[in-house]
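One chain comes next, on its own, written out as structure tokens in the form predicted on its own.
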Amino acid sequence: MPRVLVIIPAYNESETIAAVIVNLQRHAPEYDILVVDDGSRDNTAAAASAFPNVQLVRLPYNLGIGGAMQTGYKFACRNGYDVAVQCDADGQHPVDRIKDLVGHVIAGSADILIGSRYVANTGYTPSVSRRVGKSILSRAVDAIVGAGITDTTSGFRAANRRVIKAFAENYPEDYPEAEALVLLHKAGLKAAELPVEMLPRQGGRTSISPKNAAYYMVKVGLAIFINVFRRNGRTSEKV
């Protein structure tokens, strides 16, 4: 059986992390779980460590989603996992669909499978700012990658060993999901989507508020633009 690791990056998610773990253990009991506590100031680490079968890495300070996920990919790479799944700690991701994502990756449908809110009519209705941002980023990524990815910002994704190795070596630091697709394309790796229905956030606060949405768009847009002209580095050479 392929070894699967579910990586949960968590920053101040003490309200929801336990429920996410319980759901994961119910729907995918054979998968290992790694919680990366990204310098939380609440009881996130304590809530995760209450589960004896859950592995926990505590970062000394907040690195952001990029640093937390790269920590998870490094862990998966060093411990020989075949598939790594990113799953948020806020309860929005439908954990009952994780096996679908993993199954497509194992079957070779793509190197990374993204749980998409937009590839089909799932009933998800984003805010105006998110809808505009999603449209701009999707067009930018599609112009480079050409894979028709509709949900470039989805953090619900499963990756095979080639992607795990690539991301363990090089992963975007801040708001990484869209930029990561460009890096994979340059490394010759394939992304695909699977329609899923996301849930409302079950607690806590989102890190992308309307106030910093403009910063998010500028930051990610510039990062994608720079990656287009950057010469292939360690990621493409080592995969």
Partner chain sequence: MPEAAQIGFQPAHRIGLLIVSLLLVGLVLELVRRRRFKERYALLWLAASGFVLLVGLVPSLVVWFAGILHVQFLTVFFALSFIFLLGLVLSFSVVISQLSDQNRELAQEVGLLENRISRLEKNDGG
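All values derive from a computational prediction rather than experimental measurement. Residue numbers count along the first chain shown, from 1.
Another form exists, predicted together with the partner chain; not displayed. Remarks below refer to it.
In terms of contact with the partner chain in the model of the complex, the residue from 198, 28, 59, 194 that brings a heavy atom within 4.5 Å is 59. Remark: residue 79 counts among the residues lining the partner chain in the model of the complex, judged by a heavy atom distance of 4.5 Å or less. Using a 4.5 Å cutoff between non-hydrogen atoms, residue 63 counts as a contact of the partner chain in the model of the complex. Using a 4.5 angstroms threshold between heavy atoms, residue 39 stays clear of the partner chain in the model of the complex. At the 4.5 Å threshold, heavy atoms of residue 70 reach the partner chain in the model of the complex.
Site residues 55, 74 and 173 are all in contact with the partner chain in the model of the complex, judged by any heavy atom within 4.5 Å.
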